[in-house]
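Only one chain is included here, represented as structure tokens and corresponding to the form predicted on its own.
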């Protein structure tokens, strides 16, 4: 018997030491860095350490328009590559566009070619006139529905990639409904920078500057059909004032950012400040090589979200697949730009419909109130158990301390995020830890009333209460798992602390308290039990 008791005590001592070692780095900085730094820690949630809360609306219709535009550009490139002249292009709706061809068989050949190349489009012959004919292409309904369904999911993944590279720990990024995304960034204080990083569409395009177009006429609204008016922003180094210079560029994108392999911040160069160095994958490198070879001595505009960052003159063919985005960047702005380029562009623009900054002082107040509530609750429970069950009640209180220690250590081991609802889950777990002992002690009392000896009464009490204790914990655990699976943010925090507390409570209630009674009985058989 002593062997069995010794083994259980050794296990409890080992788990206690391990839990203290894991938990210490989360509680104090006054321990060696070699111990503190590599250990996982409990992270504080948005409601406890402050941060930024954003609710974004995904403009899904814009995603459909962007896809239609991309199909139109690709369709024009395909028919031109086959030697078919295109007189013009027009978008007829958010989901369709038409290409105009001169008289002859050009429209018919383009019709067959586009049907073969673009199975996602319904391609039909449009108007046939003496001056020419048109071909109309419309996205199929299945394609449109796929874009609608994927826009939010892709947006969540893109924003998560950006935030991960931004260095925020334990961010919460989840879809809400059909067209919204909720972003929680604990510890972030610069709300404006977070909004710009998360909300930037980051559609990078390389377009030729339309040298033949007049900027003055463009400002009056007189633009060539295949050109558009954009602005190049530049900051005055002395005053910091932002100047906007109009520039006319071709609508057609020669290369887009989806071929970017890497993007990083560099310093120096011609401007002497920060700039972003980018390199393309093999496909992008081939396209960039061809574009620069065909347009030597022409200006190539680098456009991000319809803003021109630079428009250098191509001096010579550029092979190797590397380019630079220069501008009036600060190091911070260049870093954010590199992040969004590496993480990819959003499938559709997002609009911030709610932004809340939670100050650290509010979080400190929440922590203080939460700890105060936990201490008051624990003291009341300790007092009641000591008063009602006397010595046995103090054994239950002893198990409760282990429950809290193991629970916090478990959260630290998994780097769980502690939120205000999470503190509520811990308090609930404290209550459940003594509730299990109440069930056991009442069974022991019944056995003692039937005039049984102490030791058989204790064994019978634990045996009879075992099924009930396990049953209540399993049902609570199932509830916690469901909350974790379908809940978001703080609800998940509550589910994590509750589920861990329930699992640990089974151990402390059935093992930690029992070993105390077994030890006392083994040392000297008990004639009475204070319960």
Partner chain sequence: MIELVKNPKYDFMAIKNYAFAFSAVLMILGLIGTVQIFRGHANLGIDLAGGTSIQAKFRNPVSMERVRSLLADAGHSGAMLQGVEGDTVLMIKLRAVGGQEERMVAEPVLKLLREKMPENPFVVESISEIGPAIGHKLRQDATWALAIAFLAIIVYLAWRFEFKFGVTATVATFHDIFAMVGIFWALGLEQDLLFITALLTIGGYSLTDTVVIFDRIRENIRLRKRNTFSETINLSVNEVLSRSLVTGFTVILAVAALLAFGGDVLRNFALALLIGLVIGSYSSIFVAGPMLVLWRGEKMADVKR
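In this text, the rigid core denotes the largest set of C-alpha atoms whose superposition between the two forms falls within 1.5 Å. Keep in mind the model is a prediction, meaning the values are calculated, not measured. Residue numbers count along the first chain shown, from 1.
As for the form predicted together with the partner chain, it is not shown, yet the points below apply to it.
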{"item": "442, 445 and 482 all contacting the partner chain in the model of the complex, non-hydrogen atom within 4.5 Å", "value": "yes"}
{"item": "Partner-proximal stretch of 368-376, 155-163, 334-342, 224-232 relative to the partner chain in the model of the complex, 4.5 angstroms, heavy atom", "value": "368-376"}
{"item": "4.5 angstroms heavy atom contact with the partner chain in the model of the complex for residue 92", "value": "no"}
{"item": "Any non-hydrogen atom of residue 37 within 4.5 angstroms of the partner chain in the model of the complex", "value": "no"}
{"item": "In the model of the complex, residue 180 touching the partner chain (heavy atom, 4.5 Å)", "value": "yes"}
{"item": "Residue contact check: residue 124 to the partner chain in the model of the complex, 4.5 Å heavy atom", "value": "no"}
{"item": "Single option in 209, 113, 438, 413 placed near the partner chain in the model of the complex, where near means a heavy atom within 4.5 Å", "value": "438"}
{"item": "Partner-contacting position among 243, 87, 77, 352 - heavy atom within 4.5 Å of the partner chain in the model of the complex", "value": "352"}
{"item": "Stretch 45-64 - residues with a heavy atom within 4.5 Å of the partner chain in the model of the complex", "value": "55"}
{"item": "Per-residue C-alpha change between the shown form and the other one, residue 477, threshold 2 Å, rigid core fit", "value": "yes"}
{"item": "Large Cα move at residue 443 between the shown form and the other one, threshold 2 Å, rigid core", "value": "yes"}
{"item": "Threshold 2 Å Cα movement between the shown form and the other one at residue 457, rigid core reference", "value": "yes"}
